[in-house]
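Listed next as structure tokens is one chain, alone, in the form predicted alone.
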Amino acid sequence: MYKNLRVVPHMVFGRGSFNQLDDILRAYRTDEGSHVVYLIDAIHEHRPLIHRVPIHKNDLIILVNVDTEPKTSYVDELVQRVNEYSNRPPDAIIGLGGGSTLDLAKAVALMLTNPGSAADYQGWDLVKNPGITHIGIPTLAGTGAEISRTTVLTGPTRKLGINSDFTPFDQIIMDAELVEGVPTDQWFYTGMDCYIHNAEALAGSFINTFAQAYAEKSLDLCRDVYLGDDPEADDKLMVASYFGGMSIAYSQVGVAHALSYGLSFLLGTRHGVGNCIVFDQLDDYYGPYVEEFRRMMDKHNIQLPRGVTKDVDEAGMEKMIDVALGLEPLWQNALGPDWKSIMTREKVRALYERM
């Protein structure tokens, strides 16, 4: 059966489009006594952007800490805080920040209308009720969180997103002015998440004409950004991120993401950094793309963390392997239906030991 794909229904793209946020929110506000909730990356607390947020008298701003990968327990804390703020639900949840902040906004919006803990919904199509209206405004480009049907969450036993048709944003605003001035390392690692999405999709067994078209164009844009000197690099990276997210929505990621999830679960490695650490070891699976990725690293003087697994004990290694191998759709895409006979625990261990 073919996937009935749900995408973000409303999108604004363009420099300065953030200035339209108040007008856009007018369509979602219900009355003068209602409120919206802003989840804003705490890095913006003392930056000019926060003073441009159109706050109304009842609105709630929560500065979220994304120094580590988002956890299901943190989602639960945020949901409790939103519920305690008012006896009525918010008209909308707005996520303003990088991929982690956007994922938190999506998860909080869902958990305001679904019972239990966010950890109960880690998996595919477990969410039963539509969430509160949620709006995503990226201030980093590359993760595809603004368009994807998943969140990236670390739970008590695994790292796995809330994947559902209710997860995608109802509205996104893509303003390249908001990504200017990002530190080079962060700009690189976040953008490589997009590049690696595309490589895994194109090399995977789930690829189809729809996903291929988006992935190929996204790759071309990534090359313009990371191998060229394009004056419109920020705009192109935003579009590459969107297209990369669209590609994997109708295909899947693969080996790099599966192994990266293990690193993140045990060591707290940030998603983009983890993808790069892993991808650098995957010549056997994505050879030409890995070679190109290294040229991009050289151009921007990126030094990958090395030896990140050298102090991992046996129990930790086994847990990383469990987390990675638990992501069956990723392995099926990468290696086909017989992936279990190809990617053994010993092979996963050997790859981790090289990191």
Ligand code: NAD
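When you see a residue number, it is the position in the sequence shown, counting from 1. Keep in mind that this is a model prediction, so the values were computed, not measured.
Another form exists, predicted together with this ligand; not displayed. Remarks below refer to it.
By the criterion of a heavy atom within 4.5 Å, residue 151 is counted among the residues contacting this ligand in the model of the complex. Proximity of residue 114 to this ligand in the model of the complex: non-hydrogen atoms within 4.5 Å are absent; the residue sits far from the partner. In the model of the complex, no heavy atom of residue 200 sits within 4.5 Å of this ligand. Contact check for residue 218: no non-hydrogen atom falls within 4.5 Å of this ligand in the model of the complex. Only one of 82-90, 203-211, 228-236, 186-194 lies within 4.5 Å of this ligand in the model of the complex by heavy atoms, and it is 186-194. Contact with this ligand in the model of the complex, judged by any heavy atom within 4.5 Å, is made by just one of 36, 323, 66, 330: 66.
By the 4.5 Å heavy atom rule, the three marked residues 99, 140 and 143 all count as contacting this ligand in the model of the complex.
Residues from 269-283 that approach this ligand in the model of the complex with a non-hydrogen atom closer than or equal to 4.5 Å are 270, 271, in the order they occur in the chain.
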